[in-house]
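Same protein, same chain, two forms; see structure 1 and structure 2 below, as structure tokens.
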Structure 1
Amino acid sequence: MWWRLSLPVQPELEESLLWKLNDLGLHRVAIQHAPETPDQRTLLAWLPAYEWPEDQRSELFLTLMPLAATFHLTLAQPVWDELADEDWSRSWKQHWQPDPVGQRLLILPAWLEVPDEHAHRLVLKMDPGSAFGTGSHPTTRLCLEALEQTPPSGLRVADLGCGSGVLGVAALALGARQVLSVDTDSLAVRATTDNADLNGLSADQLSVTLGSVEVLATLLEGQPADLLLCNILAPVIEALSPQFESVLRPGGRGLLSGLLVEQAPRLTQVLESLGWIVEPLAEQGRWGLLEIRR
């Protein structure tokens, strides 16, 4: 038997909650949302019933509550439903729909067909059955829209903290020559590999390796990338920023997201002190996107 947690979440909490659940070793999660109501989302998580009696489930909720307090928000009360073994693995699939992004992109759950009304779009096939999402989070959408607005035609792209690999898949769909990806989570490496396969991409086009910025610099073999994608939390971006020059060439462009608008001033100050020119590029709700150049 399985417990399915249903928890309504505000958009600004989505990434933090997914990160926390993944950090706790809970990887059977998804975000339920409809493209026409992007601000109405429900976090779904599936837990083995024998490991999660009532007291443990209560503790889990208490562990998540401080994440909401960070944003001066309050978590809704969770709903727990009991599922038979044969139901859990398919129950989350019904919640996913084709998701248009910007003017040209379509995030498509791998088991669905392209709707006729979106036949003109570039299709990014994704398996949303991981802790890393498919592009519904505002920070990911900001990056996707920025890629669409300035397509990386012929560029060599570095993806630092690739998660599901959706940004790398999109970059290649928009004309990038090659994407080199890293993530510190082995599940992200697997998710990116699987999603690259779904999109018919070879390892030469999109490669992914376990590691952080040092590994990415090694993969680039002394030739920093033309475009750096970094959609991770602001404190992590700040910690990694002294090494950005090893992965982004002079004259190249970096897209940094995963940050709150209120975190942008401090991050901008840190980046400028390292010699980067920083420009706020876009905002969506409380989330922001920075562009860096040198």
Structure 2
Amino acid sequence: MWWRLSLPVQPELEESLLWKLNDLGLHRVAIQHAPETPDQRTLLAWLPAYEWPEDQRSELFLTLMPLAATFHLTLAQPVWDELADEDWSRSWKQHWQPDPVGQRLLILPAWLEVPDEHAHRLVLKMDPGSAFGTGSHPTTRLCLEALEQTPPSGLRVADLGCGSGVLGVAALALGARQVLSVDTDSLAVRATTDNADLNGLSADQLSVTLGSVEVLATLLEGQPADLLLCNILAPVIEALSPQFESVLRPGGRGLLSGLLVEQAPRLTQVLESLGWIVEPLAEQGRWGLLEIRR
């Protein structure tokens, strides 16, 4: 017996909610959305019924509520469905769909075939069961679209805060020579390793190490990258920014996302004071993408 939680979520909450559920050991999750209405999404989570009596389920919801408050949003009422002897694993997987991004990319849950209508796209195979979902968050899409628009052909790329590794996998699909990625979360390191394997990438092509910008600088061995990808929240980017020059070479390009549009002016100021030329490159909903050069 399983409980299935259905919770309508605003796109900006998706990543934090998935993150929290994973943190709580709940890995059977999915985001349901139709390509026509990308802003209307439902978070689904499957919980073993015997471990989740009503008081526990209410408590779970109370744990999730503050995440919405951070964004000045409120959560909708959750719907709990009791599922009898359903094969939860199949029902869980069937909610993940191939997800076209930009003109040329396709995020594909690993167990699916490429649909004919997307046969021309570059496939990024992802295992949504690993901690970091598939990369349908607006900030991830912003980075993917920017990568596609200016493909990183032949470049050495640094991915700071790699999560699922989706940006690195995409960079390599778009012609990058090498991707060095780091993340402070060991689950992300595992997810990126798994997703690199799924895409047949060797450790020489896509490496991932536990750590942050200092570790990245060491991995680059004194030769800063041509392209820096960093999709983390604005305050974290700000805190890391004094060290960007150790990981991004002069003349190289940095793509920074994870910031809300209203956070861009302050972050721009900080980056400019560090000698970077900053340009707002794109926006999606409330999220923004900045490009930095030096």
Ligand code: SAH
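Between two forms, the rigid core is the largest collection of C-alphas that superpose within 1.5 Å. Residue numbering: structure 1 sequence, from 1. This structure is a prediction, so every number in the text was calculated from the model and none was measured.
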Practice task
Could you point me to the form predicted in complex with this ligand, 1 or 2?
Solution key: 2
Problem - Yes/no, S16 Cα shift of 2 Å or more between structures 1 and 2 with rigid core fixed - result: yes
Problem - Threshold 2 Å Cα movement between structures 1 and 2 for V236, core superposed - result: no
Problem - After fitting the core, V79 CA displacement of 2 Å or more between structures 1 and 2 - result: yes
Practice task
Look at the Cα of Q56 between structures 1 and 2 with the rigid core superposed and state its shift in Å.
Solution key: 4.8
